[in-house]
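One chain is shown next in structure tokens, namely the form predicted alone.
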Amino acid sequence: MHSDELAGRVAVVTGAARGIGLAIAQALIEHGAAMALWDVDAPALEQAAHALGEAAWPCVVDVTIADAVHTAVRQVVDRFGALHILVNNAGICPMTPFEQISEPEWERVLAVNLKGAFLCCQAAWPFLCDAGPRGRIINISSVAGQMGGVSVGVHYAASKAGLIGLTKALAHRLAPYGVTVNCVAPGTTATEMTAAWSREDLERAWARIPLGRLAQPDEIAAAVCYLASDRAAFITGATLDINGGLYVR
């Protein structure tokens, strides 16, 4: 559904070159937002920006590097004049069995999935506070962070659980400024990441989802657009589950 409910607002989406991040960026643009696309994959980022049109501005950013994140936030504000919406979507999901996870792999997953969100929130904090009641942080966690996951690595599940905790902590701290902080926890979603799974892993995932299918990226994007809108102005510290009944609290 197209609308102008986010017209005049500026959004950053991390991990925006493909999959859920690209779907979120497209949906926010369709609702009127100006968009900064962040990703480490420069060719894929340029392709995504070309597909999304003039409202999308690509910026190559490694969210694990504090200086790079702070510089990119300043570039967004210099270009657009403000920052209203931050969507922390960047993530990696190795399938390495627990006993085979090396220390560097553990650190890399936590760096991208959790530390990256922390750095982006920290850099964007003053500009989101300036945005006041229109300020939004939306973290993309996972059902794996709530119940351990099905086939994903334990480092992925741990990082996504950390995002939920980060969401709750920041919701308290930013509420006095009118900024809301929420989380979306997708179940297994049909993206390039899951397309690389084995047939056995996919069938195992389908079998555990009561609705009998994977989520679609645009279904995750619709939830993000809702949380970014004025319709969700009184929701903060929440985790919105989109998992087909896999995990019911």
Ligand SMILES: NC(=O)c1ccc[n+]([C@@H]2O[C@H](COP(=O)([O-])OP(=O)(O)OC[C@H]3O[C@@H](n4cnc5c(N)ncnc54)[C@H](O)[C@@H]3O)[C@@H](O)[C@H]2O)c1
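Given the structure is predicted, the values throughout are model-derived calculations rather than measurements. One-based numbering along the sequence shown.
Not on display, but discussed next: the form predicted in complex with the named molecule.
Undergrad: Should Glu192 be classed as touching the named molecule in the model of the complex when contacts are defined as heavy atoms within 4.5 Å?
TA: Glu192: contacts the named molecule in the model of the complex.
Undergrad: Closest heavy atom of Asn182 to the named molecule in the model of the complex, within 4.5 Å or not?
TA: Asn182: no, not in contact with the named molecule in the model of the complex.
Undergrad: Check Arg108 for me: does it contact the named molecule in the model of the complex (non-hydrogen atoms, 4.5 angstroms)?
TA: It does: once the named molecule is placed as it appears in the model of the complex, Arg108 has a heavy atom within 4.5 Å of it.
Undergrad: Consider Thr64 of the chain shown here, and say whether it contacts the named molecule in the model of the complex, taking contact as heavy atoms within 4.5 Å.
TA: The answer is yes: Thr64 has a heavy atom within 4.5 Å of the named molecule.
Undergrad: Heavy atom within 4.5 Å of the named molecule in the model of the complex: which of Glu30, Asp201, Asp218, Asp41?
TA: The option sitting close enough to the partner is Asp41.
Undergrad: Want to guess which of 73 to 81, 171 to 179, 121 to 129, 90 to 98 is within 4.5 Å of the named molecule in the model of the complex, heavy atoms only?
TA: Answer to the contact question: 90 to 98.
Undergrad: May I ask whether Arg136, Gly162 and Thr236 all come within 4.5 angstroms of the named molecule in the model of the complex, judged by heavy atoms?
TA: No, the candidate spot makes no contact with the named molecule.
Undergrad: Using a 4.5 Å cut-off on any heavy atom, which residues of 16 to 32 would contact the named molecule in the model of the complex?
TA: Contacting residues: Ala17, Arg18, Gly19, Ile20, Gly21.
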